[in-house]
Structures are given as structure tokens and as C-alpha cells.
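Let's start with one chain on its own, the form predicted on its own, as C-alpha cells.
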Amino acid sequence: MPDLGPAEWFTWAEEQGWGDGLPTVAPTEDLVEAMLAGLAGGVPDDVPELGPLPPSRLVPGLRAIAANAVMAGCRPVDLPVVLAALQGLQHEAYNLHGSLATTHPCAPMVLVSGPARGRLGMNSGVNCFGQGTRANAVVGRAVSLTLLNIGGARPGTMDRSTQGSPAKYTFCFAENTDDSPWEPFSVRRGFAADDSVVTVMAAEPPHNINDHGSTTGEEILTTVAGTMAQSGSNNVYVRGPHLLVLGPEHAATLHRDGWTVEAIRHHLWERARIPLDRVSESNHRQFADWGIKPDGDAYTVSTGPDQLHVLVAGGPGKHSAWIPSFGSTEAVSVRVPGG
């Protein structure tokens, strides 16, 4: 790599086909070494050996991943979370190849639960999906850069997304367990409370759920169900997982009224239905070709309540978010190496 200043490096890297269009940090030997040194006590025993990344089929070594983390602006403390996210992406159920090649605008969503949230200074509260927090920005970006620079998933070649989305730059946030009235999402996934856990899913950006008027939990869920009942969502006919990310105020109202996570999932499975007259005749035929039949006078969203994952994130305000998926994917949860 030539010895270049920051501006010259950015131009040179783009000419090599590296990067996402935003400025990157030059991955010099000393910065890569410092990144690897962040793995306390050397490389933990539970650091995964990753397989080949599509479409290049190159196997990413630890140094190559560290170099992409440097380019993204990561600190050494961020690297274990990046590694866990990449491990989750390589799980067969995630369907990395399909999610990279699709015309759908999905991006690798990275959700962090457990002690790593505090260790990295991740944002789980106000504007947790947005700008302003280094850890959220650089962890998601390091994952995306690895898929670009090592996997070769470049827009217009392998990445065939019709329009894409800003989430393809970075899509990383943390679970707000401090303001959640329920057990942490990671614990409900089978992990210990002191485990740091990363959950990945090929997802659309968040869809806002604005409900300032409802005063009961059931009323809030009426608004949520209406947001989820979208005829243009992949969840209708490709099926797959989706997330309900409740803001703390909506979560508090639901908990006050006795709603458990399981009750929310089952209620929304019954309520989030798409009337037949909101689906075109041609789509009725296509859905039938895919084996998707209406339930009475409406289509369901996904295959059952178990595919809706519920957690709390965000700050004050009467907003929540629904995050639909690519459909042909799963939410995969992985323990962060080193704890």
C-alpha cells in the first residue's frame, strides 16, 4: 500500500474498488496490529473460523477483517462484535448469498445485547437507529465493508438491489434493556444475562410506528398491526422473520396493561392481516404460485407468531418501529467471542 495522506488514500482506495463511497481510514500495519491487540489476551478460543464469503468465495482471515474494521473507523474494542456479526451472517439460515444478490433493499442488521453495549458505548436510546454514536456507526459499517471488499458484493455487479437503502452503509443498534419491562431479547433467545450477543438479520430499514393518541396497550397494538399489514412487504409471500422494536413509552403502556411478549406476538399474528382487496389480481396469482393462500378474507404476515421478534430500543417519545426482513432469511444470534 503506498504511503499516502488521508485525501490521497481515499482517492486511491476508491480507484482500487475498495470502500462504500465514504472516506475510509488507511489500514496501515500499525493500525491493524493495534486492532488485533484489542482481542484481550490474544485471540480468544471462541473466535470463529469463517468460511468463504459470497460471491468471491474468499475466506476472510482475521487480519483482513481487522483491516476492514480499521477502514470503517473501528476501535480495537469493537472488533469482537464485528467478528460475531460476520459469524452470524455465515449461518446457513441467514442466507447471505441470497440476501446479497437480491433486488430487495435488505441490509445486514446488527443488534447488540448484553454487556458489550456498555463496553462499546453503544446507543440503545434516543436516535439509536440514527447518526451520532461511533460504535453503532462503525460496527455496522465494518460488516458491510467486509462484504464489499472481501466478499465482492458490490452494487451493480453482485448486489442487484433495485434501489438499495441507507441501511447498506451501516445498520447497527443496541437493545435498551434498562427501559424494558421484559426479559432481555438475548435471554429469551437462550443466552445468559451476562453474555454479549449479536443478532443479525437481512432486513429493511425501520418503518416508523407513530402513535401519540392511544392510551391502552391494545390500542397501541391496533396501530402496530396496521403498520405491519403492508401488501408490498416480502413478509407477505416470501415469509420470514420480522422485528417489533418498541419505544420505551409504548412498552411501558403495554406492560402496565398486562401484555407479555408472547401475548403481543400472538395478538399481532391475529390482527396484522392484509385484506384481499389490497392485493392486486396478478399478485393473488403470484402468491398462489408460491403456495401462499389467504386465511379467510385476508393474507397473514409471515408464517406464525414465532417469526415476530419483540424487543425495546429508543428513548422518550411515542414511537416504535417495525423492521421487516428480506423474507428468505432468519434472525441469527451469536455470542460475542471473549464474552
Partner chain sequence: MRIVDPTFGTPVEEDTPTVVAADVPARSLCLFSNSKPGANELLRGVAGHLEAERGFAGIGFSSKPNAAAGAAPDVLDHLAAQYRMAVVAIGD
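Positions refer to the first chain, counted from 1. Please read all numbers here as calculations on a predicted model, not as lab measurements.
The next section is about a form of this same protein that is not shown, the form predicted together with its partner chain.
This chain is displayed alone, yet in the predicted complex one of G38, P52, P294, P305 has a heavy atom within 4.5 Å of its partner chain; that residue is P52. Screening G98, G73, P115, G130 for any heavy atom within 4.5 Å of its partner chain in the predicted complex leaves a single hit, G98. You can rule out all but one of 26-34, 309-317, 295-303, 273-281: in the predicted complex, only 26-34 has residues with a heavy atom within 4.5 Å of its partner chain. The candidate spot formed by W18, A64 and A67 lies fully in contact with its partner chain in the predicted complex, as each residue has a heavy atom within 4.5 Å of it.
In the predicted complex, at least one heavy atom of V59 sits within 4.5 Å of a heavy atom of its partner chain. The shortest heavy atom separation between A263 and its partner chain in the predicted complex exceeds 4.5 Å.
Among heavy atoms of Q163, none comes within 4.5 Å of its partner chain in the predicted complex. Interface residue remark: T215 is not counted as part of the site for its partner chain in the predicted complex, having no heavy atom within 4.5 Å.
Within 4.5 angstroms of its partner chain in the predicted complex, the stretch 318-337 places a non-hydrogen atom from each of F326, S328, taken in sequence order.
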